[in-house]
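Read the single chain below, which is given as structure tokens and is the form predicted alone.
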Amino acid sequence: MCVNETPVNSLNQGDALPTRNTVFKYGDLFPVLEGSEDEIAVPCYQDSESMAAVSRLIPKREPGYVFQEELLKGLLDYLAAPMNDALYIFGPSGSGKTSMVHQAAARLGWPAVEMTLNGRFEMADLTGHNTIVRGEVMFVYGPLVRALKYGYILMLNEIDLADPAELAGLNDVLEGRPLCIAQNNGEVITPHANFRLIVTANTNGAGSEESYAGTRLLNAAFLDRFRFLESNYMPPEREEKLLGDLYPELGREFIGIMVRTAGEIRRSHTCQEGTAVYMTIPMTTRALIRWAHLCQDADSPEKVVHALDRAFGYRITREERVYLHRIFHDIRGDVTAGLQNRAE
């Protein structure tokens, strides 16, 4: 049990300072890494006042979440020993970049603050701003300052949509140096030992790729301060297990058809050989789960196809949608066993 070794400072904006860390082996918290002897020290908040202050910042745990072993280990290795690096996770939309960090933090009990960037992002959005509270001017900390001061994970999503000139304001923080807040009378925030910075993006910072409009070429000096992880979609057997756990009533055979359909769409999106039409967007795991959910009450082939369109097809062009239907029809036709009225 964790014991409060030092008094918790007066809380700022409902936050708290962790009093000590507790060490776990990876396998103790993540069954997919069972047997791993690697260790990670995580913040401990069992003091009731501290726990109450941070509980809202610890992501909600999804019991059935499926981790990809290699990606999870890379994330935990970073959290355990950042070595003055930040972490850059990139990969296609819907491949689980953000959700993996959320679910790892939930199991570790590590508070996380988060922000999604865009083309209008400014550093002040991260550091904070002056506001009037009860008739007095007060500086309100932004997510970066709170994470630095209290030892949280800071997640910045869609990092490649932001202006590289604004992102340069993070360079000192990425080097592990204190942050000076000029807007708050030059207050200096020394990074807490538990502070971690994780960014996600669809590209690796090299600019627009495929259908990811608006992404930018990031500064090489900025990118040099990161270690990188590439995220991708689950292997078919993992996706089948995921859908089977969520919607067992669909049956293994029908789930297999759905996963194979998604795989063909992704293959077409990456312009691999043997595809007749280039698909401008891939079918993500998120869209696949949505399709499965909409198929729960589908009792005819027409309803299955309509569910596919609602989950994914209406996002693409008419030509692509015709190709999507053909892919599903061809894969469905390869199966000789019955599909219980779902796709005869």
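Numbers follow the displayed sequence, beginning with 1. Values in this document were obtained by computation on a predicted structure and should not be read as measured data.
The same protein has a further form, the form predicted in complex with a small molecule, not shown here; the description that follows concerns it.
K.L.:
Arg260, Lys97, Arg146, Arg196: which sits within 4.5 Å of the small molecule in the model of the complex by any heavy atom?
P.N.:
That would be Lys97.
K.L.:
Which one of Ala41, Val66, Cys44, Leu294 is close to the small molecule in the model of the complex, taking close to mean a heavy atom within 4.5 Å?
P.N.:
Contact residue from the list: Val66.
K.L.:
Does Pro191 make contact with the small molecule in the model of the complex, using a 4.5 Å heavy atom cut-off?
P.N.:
Looking in the model of the complex, residue contacts with the small molecule do not include Pro191, since no heavy atom lies within 4.5 Å.
K.L.:
Check whether Gly128 has any heavy atom within 4.5 Å of a heavy atom of the small molecule in the model of the complex, and answer yes or no.
P.N.:
Result no; Gly128 lies far from the small molecule in the model of the complex.
K.L.:
Tell me, yes or no, whether Leu242 is in contact with the small molecule in the model of the complex, where a contact means a heavy atom of each within 4.5 Å.
P.N.:
Taking the distances in the model of the complex, the answer for Leu242 is yes, it comes within 4.5 Å of the small molecule.
K.L.:
Given that the small molecule is not shown alongside this chain, does Asn219 nevertheless sit within 4.5 Å of it in the model of the complex, heavy atom to heavy atom?
P.N.:
Taking the distances in the model of the complex, the answer for Asn219 is no, it never comes within 4.5 Å of the small molecule.
K.L.:
Is it the case in the model of the complex that Ile265, His329 and Ile331 each bring at least one heavy atom within 4.5 Å of the small molecule?
P.N.:
Negative, none of the three is within 4.5 Å.
K.L.:
Looking at 119-127, 134-142, 74-82, 87-95, which stretch has residues with any non-hydrogen atom within 4.5 Å of the small molecule in the model of the complex?
P.N.:
It is 87-95 that comes within 4.5 Å of the partner.
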